[in-house]
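Same chain, two forms, each on its own as structure tokens: structure 1, then structure 2.
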Structure 1
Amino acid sequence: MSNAYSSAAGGAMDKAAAARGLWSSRLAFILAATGSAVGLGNIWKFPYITGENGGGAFVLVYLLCIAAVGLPIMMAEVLIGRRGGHSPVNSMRAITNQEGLKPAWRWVAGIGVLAGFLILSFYSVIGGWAISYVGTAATGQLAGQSAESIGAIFSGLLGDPIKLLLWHTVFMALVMIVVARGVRSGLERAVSILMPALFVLLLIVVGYAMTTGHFGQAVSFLFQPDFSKLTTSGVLVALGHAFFTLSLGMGIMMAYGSYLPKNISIAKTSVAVSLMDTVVALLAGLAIFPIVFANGLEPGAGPGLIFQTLPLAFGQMPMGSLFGTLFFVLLIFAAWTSGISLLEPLVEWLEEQKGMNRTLSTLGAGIACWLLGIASILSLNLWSDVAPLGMFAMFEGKTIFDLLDFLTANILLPLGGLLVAVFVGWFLSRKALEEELSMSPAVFTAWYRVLRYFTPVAVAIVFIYNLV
């Protein structure tokens, strides 16, 4: 391909993309995509689901899902976005037109818009926890505390709906401000400074974790598979989390891919983003589990795990209040750049479909999401016994918060990803794919086979196993 705008995807569409502005470089796309991918999923969710699912075997399945399901689908999503050159729904529409396929395919991106909305509603509540902990760490409340009092601080927060609402509101407002102004201004710069900083801080905590005397135990917990601890639902959780952590299955990689210049390799950038995401998750695991074991805590403690372990570490290490404050500030930023990418597809859709302007669509989408978030807040305290779909065995005992998490990560995202894999693997012309991917024939064939045969079958099997 000779230059950035001469692909066979059609000159008109490329001009549209040019008018919307492209990422300034390959690095900029990597940064934005990494900003979306690296978030609470890596630092909050990965350790706690690993703890709940017994460690090593779960981690192994998760890594397999990243490599054999997540990566091929990420490439497929970026490809759709770059070829379509619009918001996810309209990129799908453009491609179906161009390839003579049924317009109904665009609803694949529609599922994504819904998933993003549902995820952000509870994601923002957890982002609020991180905001709350900035204050807790900065005022020295963690210094020298025992595991019990750290636990009490956390239960105190969960039991206080007003405080949770306040921080949830602050988080949603942060997300809405950036989305209303247009995602690309500022995002590149923010991510390029904050991601490396978060990385360094994680390394510091891992360094501290090595001094606890339980590092070896944590390493074997994370990397020595014990398959007797792996359940079929654990496999579903690992698969769902591969989608969640890579921000797949809802079209955000399509949205960001639409700004990717034509001369940049989709495969290499996708590998880079997946690798960075995985490294951050594994580092979080290495930071947290030594602390869990050193303090006799429960690895399966659930969603509160990092808020009950990391504060202990910050309470004990030198300059812990400073590092703790910094850590939670960076966690907020990681969550922020992800939160932005959860709202963006819905806002783009409202703009393009309903003809609303950016401010109005951001306000509408953001406020609706904020309202739904209140249900998750209440399910942590006043409604902790309410299980709306509890009459179905698979949803037994799941609160609203648990349900939203389960429905999105374990059902909507894999379903979206499955449809993307089928669409790109079976419906797009091979010529279109070769044009977009322009990689060596051997690698292309490997990707194509995995996407056509392995990915959809794997997702379908895991699904059927768990639903039946």
Structure 2
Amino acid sequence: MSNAYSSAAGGAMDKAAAARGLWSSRLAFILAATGSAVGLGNIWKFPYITGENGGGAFVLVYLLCIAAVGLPIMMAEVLIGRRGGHSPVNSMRAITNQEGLKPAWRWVAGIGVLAGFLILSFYSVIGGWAISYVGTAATGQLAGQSAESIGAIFSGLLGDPIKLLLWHTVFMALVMIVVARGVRSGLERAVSILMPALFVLLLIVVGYAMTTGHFGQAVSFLFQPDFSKLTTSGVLVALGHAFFTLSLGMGIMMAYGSYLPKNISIAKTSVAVSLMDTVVALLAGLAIFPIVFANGLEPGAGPGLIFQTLPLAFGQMPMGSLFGTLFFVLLIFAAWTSGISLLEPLVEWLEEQKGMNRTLSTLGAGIACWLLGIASILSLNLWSDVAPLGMFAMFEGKTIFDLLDFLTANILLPLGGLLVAVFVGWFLSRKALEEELSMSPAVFTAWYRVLRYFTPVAVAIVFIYNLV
């Protein structure tokens, strides 16, 4: 197999990629990559970390971090995928052979594929919460409930392993059905429906938020910087979230890049994806904060904002059952498109490395992920006192669910992103980069310098901060 990879360059790579399937258009890639980037991080995490860190000043720093850290690494990952023309690990192997670099670099992509697998195992559990809440909202169970009752609904869900297993299974099945159908019939067709639907649902909820009488307050909160509320910790949170929200360090953009035709601009598509992802995050803030303010709730309510604070608001407002149902359907769509992208790199690798067909690769990867997800489910109830690495101070008190979240978000993703920036910025030949990016000399030089000097330092700071 090494001979095949050592000769996999130029036209040979194009033929290999064509045999595996390509995105039909630039729009198809943008929708797929945006679907990956737009997930629970935008609709669940972004609003509450914005609330915790003071609003407008945090948003401004976040936007700067997207441009200076997220975008350069996204372009680097897509470049690796398209130039290699294979799964993330095998793309790295092909490129290192072509460039005469050490083969150990392929493990950079391996870190990302592993991270995506681990994330999907517990991400699917959270996706299951959203599915469960659609039924809860639609049947009027949130109407007129007190904060204690809403909290009891959420606690009851987390304490019921059978119900959690059911919804986790449903979510994983939805993901596997799409991935098993391949690039054009599965991934592309799904995102061409789900992404426009997600935008429509989000705009409907924003439209309702405009009627609450607190929309202006939400706009001021999001877009009027008050730097007295911004701390050093807030800056680092913004930097970390800018990195994670674009699905970087997971092998996803490498996998999606491997299906990108050579005549499509990596720079323009990456900018489009970054902009769309940011727009969704800001729209989520405009949808959520007016509802929060109108009900006298706390914008910095933390992770419980979506599953406890907002349900309380939906239960008190006119047509709350309808808009609550729409909101959680929106959350499912966001989680579903991200779940598809998290499974894809591993499925792509199994197809190439083990010679398995698409269906078997999806079944194998999906079932393994589903099984690991059961451990996360049990850690929320029956195994809530189990801390597998509790003997280490860093992991003290962390359940399996907490541990998987911490290992991926704080170690694997920043480490993978840091190594990608170093690999592309310092080891790939400038000629190879110029061939793939096809940018004007001035723009290329600006990107190249940011990727080489600023991005690795910024990601390293986040990495060290999260560990310390």
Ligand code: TRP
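Only the largest set of C-alpha atoms that superpose within 1.5 Å between the two forms is called the rigid core. Fair warning: this is a prediction, and the values are worked out from it, not measured in the lab. Numbering runs along the sequence of structure 1, starting at 1.
Where is the form predicted alone shown, in structure 1 or in structure 2?
-> Answer to the question: structure 2 is the form predicted alone, whereas structure 1 comes from elsewhere.
Threshold 2 Å Cα movement between structure 1 and structure 2 at residue 290, rigid core reference = The answer is yes; the displacement is at least 2 Å.
After fitting the rigid core, is the C-alpha of residue 167 off by 2 Å or more between structure 1 and structure 2?
-> Moves: no, less than 2 Å.
Has the Cα of residue 73 moved 2 Å or more between structure 1 and structure 2, judged after a core fit?
-> No, because once the rigid core is superposed, the C-alpha of residue 73 moves less than 2 Å between structure 1 and structure 2.
Relative to the superposed core, what is the Cα shift for residue 228 between structure 1 and structure 2, in Å?
-> Residue 228 is displaced by 8.1 Å at its C-alpha.
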